[in-house]
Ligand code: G3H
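Listed next as structure tokens is one chain, alone, in the form predicted alone.
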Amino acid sequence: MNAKEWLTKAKKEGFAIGAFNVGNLETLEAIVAAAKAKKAPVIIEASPGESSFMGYNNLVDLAQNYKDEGVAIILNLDHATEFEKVKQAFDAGFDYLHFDGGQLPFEENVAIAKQVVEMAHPKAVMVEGEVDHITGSSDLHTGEKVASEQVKGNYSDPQKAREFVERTGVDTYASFIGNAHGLYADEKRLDLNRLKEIRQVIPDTFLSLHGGSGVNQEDIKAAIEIGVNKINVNTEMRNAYRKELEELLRTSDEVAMYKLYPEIIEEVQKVVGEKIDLFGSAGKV
């Protein structure tokens, strides 16, 4: 099944596919291990920074290796703000492209998103777009309340979302409804009524929820019920990786780092597995 077929299945059956960022091989192995154990499809995604570090072509080859083993993987470029980076991922063979024009003037955002769609759709590559900038960063913000970050952004306007989708033809729309990137001192709560309004005006468009780390679990379940089909997770995985690495370096004299990685992979896999269960995608492969 290709990316669109998987998201169509998710929409029809009422679950969401986890989109997990990868910036190194250990994290990739953890995501794949969770996908295998849970028999779940996964979106493996990398930002332009992560893609440059890993290598665009390397990511495509690594994903294909696991696809050949029967793992249901969609490879996504996450939050690319420049057309050139989107094209680089497209040329490398990514399955899904997220153009983030949320900080651009609306007309410029529309023009570039439309250009991406015109490039991608003939090759059956999916495109995600957004209008309102999703605030925060994929870091630990545990010294502040999430509301301090949420107020920095404009919550998505349903009518603007409809205009954007109609004019660009994007497959997936990423809204800002309180889902700031990163982890904070408290749980994120979502504006579910706004999400319902967005679902009503673009009923045929897939919905993506970024900033999936640290969101109230009942809000996650409700968002999926409303129609979210893709949920991004990054910071919780990074946090698990770093905490386990720091503990191992504190307690071990081992210098062959690959001998420490299995324990790190296991901790990251736990995070991914818990999200797969929460999103309802376990057992769908």
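A residue's number is simply how far along the shown sequence it sits, counting from 1. Here the structure is a predicted model, which is why all the values come from computation and not from measurement.
The next section is about a form of this same protein that is not shown, the form predicted in complex with ligand G3H.
Annotated contacts: Lys11, Thr172 and Ser175 are all free of ligand G3H in the predicted bound form [non-hydrogen atom within 4.5 angstroms]. The listed set Thr235, Thr27, Asn229, Ser51 contains one residue whose heavy atoms approach ligand G3H in the predicted bound form to within 4.5 Å, identified as Thr235. Scanning Ala80, Ala89, Ile74, Ala180 against ligand G3H in the predicted bound form with a 4.5 Å heavy atom cut-off leaves one residue, Ala180. Taking the partner from the other structure, ligand G3H in the predicted bound form has a heavy atom within 4.5 Å of a heavy atom of Gly212. Looking at Ser138, you'd find a heavy atom of it within 4.5 angstroms of ligand G3H in the predicted bound form. The stretch from 89 to 97, 108 to 116, 154 to 162, 182 to 190 that comes within 4.5 Å of ligand G3H in the predicted bound form, counting heavy atoms only, is 182 to 190.
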